[in-house]
Ligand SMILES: N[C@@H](CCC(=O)N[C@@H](CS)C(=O)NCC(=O)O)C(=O)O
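Below sits a lone chain in structure tokens, taken as the form predicted on its own.
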Amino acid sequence: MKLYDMTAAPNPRRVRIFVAEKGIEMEYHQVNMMAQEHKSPEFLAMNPSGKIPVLETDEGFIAESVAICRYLEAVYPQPNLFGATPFELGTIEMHNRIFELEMWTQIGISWVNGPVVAKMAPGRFTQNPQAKETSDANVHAFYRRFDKELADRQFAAGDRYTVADITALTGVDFASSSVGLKPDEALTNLWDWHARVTARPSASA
């Protein structure tokens, strides 16, 4: 299998961490997004959305990070990261979707309307400072909520490490390093969780 990847991007990192947790041997191919390789006819033949990551398998191509992870979970079921019981399957999916819809989307709005994108892709987006102000506030509000929830559990979706931790970690790290949205140091439950999941070898994948 081959993963079309970009080291600095958060979504491919989700897959790399998942692969590392599973101990899967994987070939990686770096996509030069600055050179618009992800918009080339060759890449669009693999993924018409023109986004990374993309997994190449013997049967064809799979795009979207969670879809890739679900495929890998089916092929390599252990260690289980999506849930082993019906209740786990539901709760892990619930938390993973919450992180995507309520945290990642807001981080994305702040990213598109922020200074890094303005410098990297001038004129590509019509930036909206008011939208960024709102999304920045929403991200910090979500951090506070997550911190409160972590008072009652050790990991993002319960008492064990799952795909939800991968989604949360990559979101927080990207927001902190590239969007100027680092969680407040007073959120000690969040930072204790961050230390636990960052200490795993997979976090540096």
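Because the structure is predicted, anything quoted here is derived from the model rather than measured. The first residue of the shown sequence is 1; numbering continues from there.
There is another form of this protein, the form predicted in complex with the named molecule, and it is not shown here; the text below is about that form.
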- [ ] Consider E64 of the chain shown here, and say whether it contacts the named molecule in the predicted complex, taking contact as heavy atoms within 4.5 Å.
- [x] yes
Task: Partner contact for G171 in the predicted complex: the named molecule, 4.5 angstroms, heavy atom - done: no
Open item on the list: Under a 4.5 Å heavy atom criterion, is V197 part of the interface with the named molecule in the predicted complex?
Closed with: no
Open item on the list: Against the named molecule in the predicted complex, would K119 count as a contact residue? Criterion: heavy atoms within 4.5 Å.
Closed with: no
Task: Interface stretch in the predicted complex with the named molecule - options 136 to 144, 157 to 165, 48 to 56, 22 to 30, non-hydrogen atom within 4.5 Å - done: 48 to 56
- [ ] Taking the named molecule as it sits in the predicted complex, which residues of 1 to 19 have a non-hydrogen atom within 4.5 Å of it? Please list them.
- [x] A9, P10, N11, P12, R14
